[in-house]
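Shown here is one chain on its own, the form predicted alone, set out as structure tokens.
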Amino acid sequence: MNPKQAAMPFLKLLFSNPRGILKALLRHTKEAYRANQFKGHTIKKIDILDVVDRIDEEVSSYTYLDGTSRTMDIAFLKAVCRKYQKCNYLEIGSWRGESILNVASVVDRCTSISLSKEEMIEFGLSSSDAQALNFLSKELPNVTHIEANSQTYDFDQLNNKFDVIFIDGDHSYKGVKSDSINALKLLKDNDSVIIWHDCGFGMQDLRYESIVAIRDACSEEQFEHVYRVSNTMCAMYTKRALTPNNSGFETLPNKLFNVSIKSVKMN
């Protein structure tokens, strides 16, 4: 059988079910990354209410458009930030500004680091994406916007330390690792925390590329304080004494949330 004949069954299958083939390839790639790169390491899982006791937050000015954190992620951020008096907050990758707008209402100071409009275009994003930069946060008086690539930015220029750092920028291995290394140097004290977004593709799974990047940015001791937070797409670095959920995230819920949605038409 020549190579063309050998390839025909696969090509027929590809054209008959391209989406299924793509899903299978992605699943295989994900599992291969887990097996070859995660190297047996695990990340502890923690229940969201073991971190913040309760969630009672309003998420405002939410767009329900692609490219932002989920409402629960933003509510979790706000609940964490409320634990600090005059919280100093850093966000890497704010874009439109849904998360930082909401956090700004409960903290003293916010610093946002995002690509400039010009850099966004250079990285292949659309002009519409670029125009949306800081759309919701540009008028907030307690937010300082810095337009820069976080992988090349000199964080020493900030001359600042932070209580809460939210990483939601470039989600590649390189991007997450770089942002994590810098964030670990910017923590104010032992009570300070880092929260990473997109550490799962959903609320219960793991995005292995992100988890491996976090692990490789941390020392072994630091990674012992990293948890995957239930009911969110987040992971968290905290030195608080927490009891991990060793059984993982169960499908059967142990808590319920009330959600109210109200639209506000823009002019």
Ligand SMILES: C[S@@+](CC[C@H](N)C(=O)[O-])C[C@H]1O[C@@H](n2cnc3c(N)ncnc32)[C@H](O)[C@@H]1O
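For every residue, the number given is its place in the sequence shown, counted from 1. This is a predicted model, so every value here is computed, not measured.
Absent from the display: the form predicted in complex with the ligand. The rest refers to it.
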Problem set entry | Location of the ligand contact in the predicted bound form, chosen stretch of 187-195, 156-164, 169-177, 78-86 [non-hydrogen atom, 4.5 Å] | 169-177
For this session: For the three residues Val51, Gly202 and Asn245, verify that every one has a non-hydrogen atom within 4.5 Å of the ligand in the predicted bound form; reply yes or no.
Result: no
Exercise. Heavy atom within 4.5 Å of the ligand in the predicted bound form: which of Thr111, Thr71, Asn182, Asn149?
Worked result: Asn149
Problem set entry | 4.5 Å heavy atom contact, Ser137 to the ligand in the predicted bound form | no
Exercise. Contact between Leu90 and the ligand in the predicted bound form at 4.5 Å, heavy atoms?
Worked result: no
Exercise. Is Met120 a contact residue for the ligand in the predicted bound form, using a 4.5 Å heavy atom cut-off?
Worked result: yes
Problem set entry | 4.5 angstroms heavy atom contact with the ligand in the predicted bound form for Leu115 | yes
For this session: Enumerate the residues of 82-104 that have a non-hydrogen atom within 4.5 Å of the ligand in the predicted bound form, in sequence order, or give none.
Result: Glu91, Gly93, Ser94, Trp95, Glu98, Ser99
